[in-house]
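Below you'll find only one chain, the form predicted alone, shown as structure tokens.
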Amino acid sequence: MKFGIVVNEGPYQHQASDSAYLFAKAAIEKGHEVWRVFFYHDGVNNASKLTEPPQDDRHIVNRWAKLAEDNKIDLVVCVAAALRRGIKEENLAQGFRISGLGQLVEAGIKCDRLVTFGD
């Protein structure tokens, strides 16, 4: 099955990003494909290379980047939501790209399931 994922919450104030990551990882381990992850609303904060969690905490941004690199997942950050929160190309973490809502619509069309995490 081909999955698209939408993450609507930031990395450290809500469990949505962790849950989405664990869902994507489990789906891949079961032989499914995660085609695109679309970061929307506060979820765009998952793409900031300025994130520096304590050494004993998980680094959510790096986990997404590695999962995408290892499995050829398209990590898309909503341009309007990103700009509202001060996220631009120059402070995007590796593996993420900025684009518009058309990418979310395309995921809904091309994927068998579009799963949303967060409010």
Partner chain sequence: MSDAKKFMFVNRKAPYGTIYALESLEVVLISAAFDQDVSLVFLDDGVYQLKKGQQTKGIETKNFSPAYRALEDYDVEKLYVEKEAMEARGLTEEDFLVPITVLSRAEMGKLMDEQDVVLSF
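Owing to the predicted nature of the structure, the values given are computational and were not obtained by experimental measurement. Positions refer to the first chain, counted from 1.
Beyond what is shown, the protein has a form predicted in complex with the partner chain; the following relates to that form.
- Message: Residue-level question: is residue 80 within 4.5 Å of the partner chain in the predicted complex, judged on heavy atoms?
- Response: Because a heavy atom of residue 80 falls inside 4.5 Å of the partner chain in the predicted complex, the answer is yes.
Q. Residue 85: heavy atom within 4.5 Å of the partner chain in the predicted complex?
A. Yes, residue 85 sits close enough to the partner chain in the predicted complex that at least one of its heavy atoms falls within 4.5 Å.
Heavy atoms within 4.5 Å of the partner chain in the predicted complex: does residue 95 have any?
-> No - in the predicted complex, heavy atoms of residue 95 and the partner chain never come within 4.5 Å of each other.
Q) Does the partner chain get within 4.5 angstroms of any non-hydrogen atom of residue 22 in the predicted complex? A) Residue 22 lies outside the contact set for the partner chain.
Query raised in the report: Judged by heavy atoms and a 4.5 Å cut-off, are 48, 50 and 54 together in contact with the partner chain in the predicted complex?
Result: Checked in the predicted complex: no contact with the partner chain for any of the three.
So which residues in 20 to 57, when you check the partner chain in the predicted complex, have a heavy atom no farther than 4.5 Å from it?
-> 40, 41, in sequence order.
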